[in-house]
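Next comes just one chain, in structure tokens: the form predicted on its own.
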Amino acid sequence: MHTKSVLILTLIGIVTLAGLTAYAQEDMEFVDDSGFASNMRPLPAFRHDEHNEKAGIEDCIECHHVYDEAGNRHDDESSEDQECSECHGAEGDEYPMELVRHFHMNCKGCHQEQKAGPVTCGTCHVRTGQ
């Protein structure tokens, strides 16, 4: 009977710990794209909802834009169900600099324009103790 109690308590502890870990990271997202076969820097940490609330962004197309071949932005279309590399990637490149440039233009460019938000490498690509 003692072994069964220890096993049950151990399982409860594991489930509780896993639940707390998942909850702590629930609001944490990373900007990631399968267009990168490898990463030169850590993925940028990004709390989507917190960012949009703080920045006053209500329309997805502010970041998830769609342009036509002539470079005209479609204000009634969103690319939120696509990865950025679907339009901005370089096929076959392990680390496509064109895709990096587009991420930086969209994110860093907006931060510079708004004079708010991080614009240096280490403030977006935060190195952890890993």
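All residue numbers refer to positions in the sequence shown, first residue = 1. Worth saying up front: this structure is predicted, and the values here are computed from it rather than measured.
Form predicted together with heme C (HEC): not shown, discussed below.
Novice: Glu80: heavy atom within 4.5 Å of heme C (HEC) in the predicted complex?
Specialist: Yes, Glu80 sits close enough to heme C (HEC) in the predicted complex that at least one of its heavy atoms falls within 4.5 Å.
Novice: Spell out, yes or no, whether the shortest heavy atom distance between Asp59 and heme C (HEC) in the predicted complex is within 4.5 Å.
Specialist: Yes.
Novice: Even though heme C (HEC) is not shown here, does Gly89 get within 4.5 Å of it in the predicted complex, heavy atoms only?
Specialist: Gly89: no, not in contact with heme C (HEC) in the predicted complex.
Novice: With the partner left out of view, is Asp75 within 4.5 angstroms of heme C (HEC) in the predicted complex by any non-hydrogen atom?
Specialist: Asp75: no, not in contact with heme C (HEC) in the predicted complex.
Novice: Let me know which residues along 47-69 have a heavy atom within 4.5 Å of heme C (HEC) in the predicted complex, or say none if there are none.
Specialist: Counting only heavy atoms within 4.5 Å of heme C (HEC) in the predicted complex, the contacting residues of 47-69 are His48, His51, Asn52, Lys54, Ala55, Ile57, Asp59, Cys60, Glu62, Cys63, His64, His65, Tyr67.
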